[in-house]
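Starting off, we have a lone chain in the form predicted alone, written out as structure tokens.
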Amino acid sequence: MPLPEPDPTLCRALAADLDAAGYRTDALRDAWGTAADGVLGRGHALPARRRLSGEPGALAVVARLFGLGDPVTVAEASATFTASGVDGLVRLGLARRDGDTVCALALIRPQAFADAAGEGEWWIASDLDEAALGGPLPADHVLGVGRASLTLAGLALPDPVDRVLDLGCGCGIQALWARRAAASVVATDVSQRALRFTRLNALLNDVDGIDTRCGDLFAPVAGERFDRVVSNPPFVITPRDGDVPEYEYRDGGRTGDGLVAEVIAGAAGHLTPGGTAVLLGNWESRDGIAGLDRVRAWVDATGLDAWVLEREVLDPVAYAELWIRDGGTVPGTPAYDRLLGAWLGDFAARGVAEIGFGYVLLRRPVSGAPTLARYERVMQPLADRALGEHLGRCLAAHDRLVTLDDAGLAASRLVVAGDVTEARHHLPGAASPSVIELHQGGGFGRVIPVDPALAALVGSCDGDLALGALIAAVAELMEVDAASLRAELLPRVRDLLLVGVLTFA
């Protein structure tokens, strides 16, 4: 069913109703229970339904109708949505009336947020999910706020900018986040349905300054430049088989990982000097070439700075299973087996050995050639850690390091970051440790093996003495040549500064 153009007056009325019902993240979690909240994202709505069954009050009505997509009575809806009314919900395309019943046509869920500007909540409308539909998703499904959405939002750099492009905006959640740090946002998508959800969510949350445009990738912004590009593009690698569903929210219509390559190439022509792009993506390891090396080749052709972090690697079977199940097709059915065969055949035809998922941070140099090219696997769990501020500090450290030769670095005063601890592991009865590690509590939670010389140097970085003097002292203590130790340690110190283990005093 087409989603109508949202009416601003009705959106304000609906927001008033949701606010009056106390429809907020914590209240909703309390209403249907923490355990139910945890499994709902995996498509299991029964625990929440059981908790809400028979519960009185406006919050329970809103939670059943728009939190779960379950029907409520007209009497319940009329008593709850006093400002927007049942007819208003119908006119917004969010519900339909069936006799004495009101049936949801979309979900609306609260989404708490916190950033440098403060904390708050939005209401985010999206299409009914698998749990509400009770079966596979339609091809034009508009996704709500998922783990990937939260991951990308957490990677957002915090510094304010003028213009941001949200490429492939979906329900508009990244555009809302971006608008908090930007004077204006352009949000694009190939789906008119997604753009209407974006406009609806902007109105529902009283957020202006978001310009929505329809088109493929960078086509709607041809010739324009932005200070920042954010994108959770439809990067899922899907067989170009006519019998495989092509979901607009995840399938960009390219073969293999071609869409991510296009986004990286396109970003180069749409960033202002110093402008950054942050995106999520998949890439294939194929024909003996590692996925990160293929991404490096894409970036090398753009002249951009790059920091690419591979967070997960799946074999073709596991990857296919993930996305077949994501579309609502369950194992053990003929449809599941047919889709799995199509995926595996597609991967085999291109010689794909594994598929990586990760984060891509790009930056257009203010002038000259790129100076940052870091490609790494960072596989440890991060527990929904916000990383944007950390990445911003790392970029600032990199920029300062570029200006420092070895003499300049040796003259610098450094301190150990406040989240860093040291762990020493001894064999039983041994006086000296066999392993020394630096543990980063924030950022990417790195565990960095160090030798006694580097451990001693890091331990003495308290901002009082210049790095060169500290290295000389460590060399004297260990009875080794100071010049040789300096040549060995300075490159390693640069890396510790770049990843935030050490900072400039």
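Quantities reported herein were computed from a predicted structural model and do not represent experimental measurements. Residue numbers here begin at 1 and follow the sequence given.
From this point on, the text means the form predicted together with a small molecule, which you will not see here.
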property: Answer option from Ser412, Thr302, Ser149, Thr329, heavy atom within 4.5 Å of the small molecule in the predicted complex; result: Ser149
property: Contact residue in the predicted complex, chosen from Gly266, Pro234, Pro316, Gly154 - any heavy atom within 4.5 Å of the small molecule; result: Pro234
property: Stretch from 93-101, 246-254, 392-400, 343-351 whose residues place a heavy atom within 4.5 Å of the small molecule in the predicted complex; result: 246-254
property: In the predicted complex, Ala181 touching the small molecule (heavy atom, 4.5 Å); result: no
property: Touches the small molecule in the predicted complex: Asp127 (any heavy atom, 4.5 Å); result: no
property: is_contact(Asp159, the small molecule) in the predicted complex, heavy atom dist at most 4.5 Å; result: no
property: Contact label in the predicted complex: Gln174 to the small molecule, heavy atom within 4.5 Å; result: yes
